[in-house]
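In the form predicted on its own, a lone chain appears below as structure tokens.
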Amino acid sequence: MSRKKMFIVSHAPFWHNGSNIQERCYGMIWAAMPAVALGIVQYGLPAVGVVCLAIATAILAEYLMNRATKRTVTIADGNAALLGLLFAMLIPATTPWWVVVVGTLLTVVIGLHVFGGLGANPFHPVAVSMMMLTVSWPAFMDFDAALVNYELSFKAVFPLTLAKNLGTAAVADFSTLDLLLGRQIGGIGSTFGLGLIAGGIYLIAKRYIRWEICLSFLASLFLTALAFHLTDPVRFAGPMFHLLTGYTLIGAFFLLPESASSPVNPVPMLIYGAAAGVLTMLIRNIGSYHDGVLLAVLLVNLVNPLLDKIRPKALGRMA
């Protein structure tokens, strides 16, 4: 009797933990809900309209691109809805409907599908879209003007203010508690510090994102801001102000760790996050842009392939 056994070997991966794209995307959407909810409480129906329009446009654009490129329709995996939500979180509640539609189309079509679709994009699609809008129509990305337009028609729940230059100490008349509770003007879902931190902890606990990128970015930004502040306390705001204002927290937990545009090995992840933190502070304090996070995200996305070449040595030795 033959004792031979037949082994069938397939290509990698040989083991799967059961996670999938759909689970990750919907998990990130749930993690963003506290920050979005506070934005809706603050701005009411205008915020609801922007969020719904952005998500609906993203899903429709994804469907049309799938059909145009003759690929499987992927709107059920939640990635398009996530991109639409993230885009809505970054813009003012008073953004005109046509800017919302154009920005969402730029996110899905230019930022994602032009590069080949999910997993092939070298840059975060939302960061690409937001920078294109910032360069093309800066007036619509001006949060001070957005607050004026909002107060002309609606009454905010909290007193909301924002200084134009995040690098100036004169704007640091906020208490840390106010910043954590979202009592600042900004994007619909980018101001609620506690909500974004809670969402980030959830994403790290569920292993949807890697802690190395988030913590290295926040630590690097904190230390760089502290160095600037110690150099000139009058001119440069303190590190806590920079951590809790602008797009810092949403960048740390929702933009920088995006799978396709970030490194996969631990050491490159730490370098990637740290570089983004330094770049953000350089742009804020001595650059032309008030925030700096989106441009920093795109710049480190650009060098990501080089960072991923830093790999641990293979076991064994050459004969």
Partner chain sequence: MAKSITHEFMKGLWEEVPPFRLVLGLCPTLGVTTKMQFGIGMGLATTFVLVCANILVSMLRKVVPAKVRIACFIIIIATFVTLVELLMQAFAYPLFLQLGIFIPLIVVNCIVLGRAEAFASKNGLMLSIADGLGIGIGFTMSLAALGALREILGAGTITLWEGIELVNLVNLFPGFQPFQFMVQAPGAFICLGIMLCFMNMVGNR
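Owing to the predicted nature of the structure, the values given are computational and were not obtained by experimental measurement. Numbering follows the first chain given and starts at 1.
What comes next is about the form predicted in complex with its partner chain, which does not appear here.
The single contact residue among 135, 205, 177, 227, judged by any heavy atom lying within 4.5 Å of its partner chain in the predicted complex, is 135. Contact with its partner chain in the predicted complex, defined as a heavy atom within 4.5 Å, holds for exactly one of 181, 110, 223, 240, namely 110. None of 102 to 110, 188 to 196, 83 to 91, 229 to 237 except one has non-hydrogen atoms within 4.5 angstroms of its partner chain in the predicted complex; the exception is 102 to 110. Contact annotation for 61 to 100: a single residue, 98, has a non-hydrogen atom within 4.5 angstroms of its partner chain in the predicted complex.
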